[in-house]
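Here's a solo chain for you in structure tokens, the form predicted alone.
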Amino acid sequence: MSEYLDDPTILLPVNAADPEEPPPAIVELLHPHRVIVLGYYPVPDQASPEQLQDEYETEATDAIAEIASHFDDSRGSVESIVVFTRDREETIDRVAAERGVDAVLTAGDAGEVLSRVLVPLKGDVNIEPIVAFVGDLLRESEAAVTLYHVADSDEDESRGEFLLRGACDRLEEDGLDPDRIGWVQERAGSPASAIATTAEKFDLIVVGESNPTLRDRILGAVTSQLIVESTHPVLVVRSDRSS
């Protein structure tokens, strides 16, 4: 895993059996960085992976290479991979670990312009890699970022403000214009619902995984609900930097 310095690596999973072009706003955001386009080809239980691969590998590889070509003129680098699999989440998690990926992008409608990014922070869990990643991701973008925390008590609210202000300071130190950085905190009984509702006002959401693997992260309550309910893309910053 990279150290969240100047060249984050983003994994872009795409259904190789029914590939969709990446939104232009996502291409624009990611073009300075290293992108790995992972084409996963779903294999039904009753089918043979080898048979499907023999029949569709060339078609799938060409389709994923075409998607990767959108990033070819980037100052980062781009790579494409095709995997025939029965387990999408396991494949994403494995490739992310093998390739030292910093974040995984989930699909969503980004629109033509990506101007507002929401970063929910859950206490101090993984706050350092999340904030460092956001600084690297947005340094060459014009998007504004809002750091967001849901508190459940007076003590949590006080601690949350301290963390949010510290995260804003870190982003400024990383070179982001202070006018592009803001923070919001609110009280709510259900953090998942509050985050999901707030996320609809933004173009992109950046969250941290709370478990070592993407499989466990997808089963986690807050992030899982956010991914399911949000119509916008979600970037999940990986926490396991030992891979």
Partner chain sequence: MGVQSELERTLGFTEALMIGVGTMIGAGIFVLPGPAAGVAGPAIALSFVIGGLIALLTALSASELATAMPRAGGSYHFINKGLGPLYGSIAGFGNWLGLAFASAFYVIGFGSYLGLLVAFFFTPPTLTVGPLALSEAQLGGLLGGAIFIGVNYLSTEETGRIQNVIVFGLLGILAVFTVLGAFSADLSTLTPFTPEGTGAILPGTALVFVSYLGFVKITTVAGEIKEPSRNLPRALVGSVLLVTVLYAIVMIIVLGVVDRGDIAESETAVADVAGILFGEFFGSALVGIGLLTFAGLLATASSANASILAASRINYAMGRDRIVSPKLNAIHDKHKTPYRAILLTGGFILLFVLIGDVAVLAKAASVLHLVVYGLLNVTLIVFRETEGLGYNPPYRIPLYPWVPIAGALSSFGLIAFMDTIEILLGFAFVAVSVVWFVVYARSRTVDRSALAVHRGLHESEDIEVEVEPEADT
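Bear in mind that the values here come from a model prediction, so they are computed numbers and not experimental data. Positions refer to the first chain, counted from 1.
The form predicted together with its partner chain is left out here; the points below concern that form.
J.: 65, 82 and 87: each with a heavy atom within 4.5 Å of its partner chain in the predicted complex?
T.: Result yes, every residue of the spot touches its partner chain.
J.: So in the predicted complex, does residue 72 come within 4.5 Å of its partner chain, heavy atom to heavy atom?
T.: Answer yes; at least one heavy atom of residue 72 falls within 4.5 Å of its partner chain in the predicted complex.
J.: Is residue 200 close enough to its partner chain in the predicted complex to count, meaning some heavy atom within 4.5 Å?
T.: Close contact is absent here: in the predicted complex, residue 200 is far from its partner chain, nothing within 4.5 Å, heavy atoms only.
J.: Taking the shortest heavy atom distance, is residue 52 within 4.5 Å of its partner chain in the predicted complex?
T.: Output for residue 52 is yes: heavy atoms within 4.5 Å of its partner chain.
J.: Taking its partner chain as it sits in the predicted complex, is residue 186 near enough to touch it, meaning that at least one heavy atom pair lies within 4.5 angstroms?
T.: Taking the distances in the predicted complex, the answer for residue 186 is no, it never comes within 4.5 Å of its partner chain.
J.: Name the single residue among 139, 159, 116, 94 that comes within 4.5 Å of its partner chain in the predicted complex, judging by heavy atoms.
T.: Only one listed residue qualifies here, and that residue is 94.
J.: I need the one stretch from 41 to 49, 190 to 198, 25 to 33, 171 to 179 whose residues put non-hydrogen atoms within 4.5 angstroms of its partner chain in the predicted complex.
T.: Of the stretches listed, the one contacting the partner is 41 to 49.
J.: Quick one: name the residues from 159 to 186 with any non-hydrogen atom within 4.5 angstroms of its partner chain in the predicted complex.
T.: Contacts from 159 to 186: none.
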